[in-house]
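Coming up, as structure tokens: structure 1 and structure 2, two forms of one and the same protein chain.
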Structure 1
């Protein structure tokens, strides 16, 4: 397969990773900043990317900034925040057309880098704070964004499950921030926090595209001069195992019930047994040949979606399906039975073969997009292990049925969450 090797450069305040490749029609720069998830900072971190792109010294409003992007042949800039285990990651992405496909353009990459630098290092500041008006607007937008999770029932149900399951653990915090924490934020405190973020977060910068690695790294050092810092030592959190299964039911005026079963496992990405866990999740519910899809959907016609998902950095596994409420007991039973089957090693050769083939396919496919490649690299960087893509593929390949069953045995059901409709259908 086509693998593209990454070159890493050390800069005082960040690591720079460059992937030279000519296969895209665009060049991409990604900045990732991570810090521990905390109730006190999660909402400010969710707000920051939106305030930062609402005005820089050179482009004093959101509209001016957007115009500057459009001028660069629709350079795409976006910023978001996400959880990675118990860490909160801010990602800033700048993607711009490779000038060689355009008539009479040359320095799009450099100009895009300057824009990104403007956002991070030269935001618009008045009297030692972000502009009052911008912060107010973005606070309102953030409140609306948080409220709107309620409107997407599948997402809402997943979020509620995590909240119920991880009480007392910062993992319960939503990456998008807490509604009640938005109001108290002010433009001064936010700016002060941003300064702290800039000087203490763990930062990685990625450049992917038709570039020369050395040159690109030098340019990053000049335009993104993060200061030297002491990086925090990562503390390993102890896995908590539930004593009994918690059942939570909520009712809303909706048509389809959302069943989400949350489980814990001690195996995370950093664990050598992680590939076994991945294979296990594949056999159980990640694909259309998986046990949940075959039994809940194909055999019993109970659901349209029936699957399992794994958060590899937390050891959180979720089984989910959208069902009629009258089928709640039956579906919970089938899902538990399927989990029991994999624990007992009832995995066919075919299931094993199919799952490995699709996991490997996914991994190779992710290397086809700039963002996919960065995500694969970042798994290693953020968890402090080294599992290059070739090795990862081999590890998946060598997982045995017994190893997958061993991984399954670490899974414990913690919470069964059901978002039910008002009327029993």
Structure 2
């Protein structure tokens, strides 16, 4: 097994995490910038990475930028935005070949870092703002991405459930932005917001690969000169437990109904009981041997799919199924029964064993790629806890049936959302 060591360096405005490993054929630099989810900024924030990667001072168009990547032996760059609990995270990823596999290309890492620095610090600017044409183009693309969720009914139902369940909480905001907020954005307002993110976001920079930690950290400090900032104090949002179950029904012209049941739990990633919650979610619905899949889909043939998902940074668990409308009552009943079963500790040794094996496998597979490794580390950084991979694997392994049941007891059903087809209604 390749040895992997991890070191963290404090730099002005950011933390630099260097993972020295010979395990990958690439060297990867990832910049993660997070800020609280807010209705006023969520759409600008979803748009920003796409504008930044469509041209820099030195590579002023998308085509020129692609050429610059090609010159780095086909380096890969991409940027996106995602939600982590009540925070909105922008991720910029630069992957380049490990120079030791290329003869006479010792400065590949530095050149890749310069290109990444161009994206973040030297975007293409005209008259003190982003180019109007690029902003318009990227706004259209963003509008299409937001509209495409409406066409993907499974994603749409999940989003609607979160909106219904978290009214008054910024967690209800979609990471991809709000359609009605796209049009008002202009090149000047976006540029002003970009400058604000550079100076106020909480920033972590990761370097993963065949590098020397001290050298890599020094290079990051030179090429990514973030300014010092006051970091916000993280407030822990308390889980609000519902007084009664809310039922919401929507009708559209679709063939297959979407049933999504949203639940709250007080256990999040930062909680010592989190591995128990993971095991519980695995037994309940995360895998093909899980109770929801076996009972709703296989035994009763009620659903095209049946599963559960957990947002580890919010304490949000969702049970979901694709069903015919006539099976609504029966499916809701069976799904609730499965949740009740795990609360009572009705979990077989086989279910427990299979779940642990699959969870550990997932975690190991994540750590097998540089990007996956960063996601695992970022859980810890953004939650302010320390759960190294080896420890996490051991904790999953040692979860008992009783502990999984205790985790299940913290789950309370909040909202049942059903997207029904018209012709049946």
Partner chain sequence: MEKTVFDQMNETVYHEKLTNGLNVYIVPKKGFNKTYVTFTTNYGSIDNDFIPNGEKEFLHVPDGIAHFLEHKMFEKEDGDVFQKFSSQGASANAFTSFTRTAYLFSATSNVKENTETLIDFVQAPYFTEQTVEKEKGIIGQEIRMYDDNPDWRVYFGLIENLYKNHPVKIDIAGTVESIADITKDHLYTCYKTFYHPVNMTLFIVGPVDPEEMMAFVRENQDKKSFPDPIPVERRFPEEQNESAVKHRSIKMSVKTPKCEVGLKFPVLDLQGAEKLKYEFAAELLLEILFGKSAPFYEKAYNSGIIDETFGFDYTGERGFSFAIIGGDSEKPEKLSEQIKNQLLEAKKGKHITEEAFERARKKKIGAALRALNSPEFIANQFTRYQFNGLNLFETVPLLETLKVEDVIEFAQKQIDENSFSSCFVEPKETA
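Under this definition, the rigid core comprises the largest set of C-alpha atoms superposing within 1.5 Å between the forms. Residue numbers count along the first chain shown, from 1. Note that the structure is a prediction, hence the values are computed from the model and not measured.
Note on provenance: structure 1 matches the form predicted in complex with its partner chain. After superposing the rigid core, the C-alpha of residue 114 moves by less than 2 Å between the two structures. Relative to the superposed core, residue 193 undergoes a C-alpha shift smaller than 2 Å between the two structures.
In the core-superposed comparison between the two structures, residue 217 has its Cα shifted by less than 2 Å. On a core-based overlay, residue 301 has a Cα shift of 2.5 Å between the two structures.
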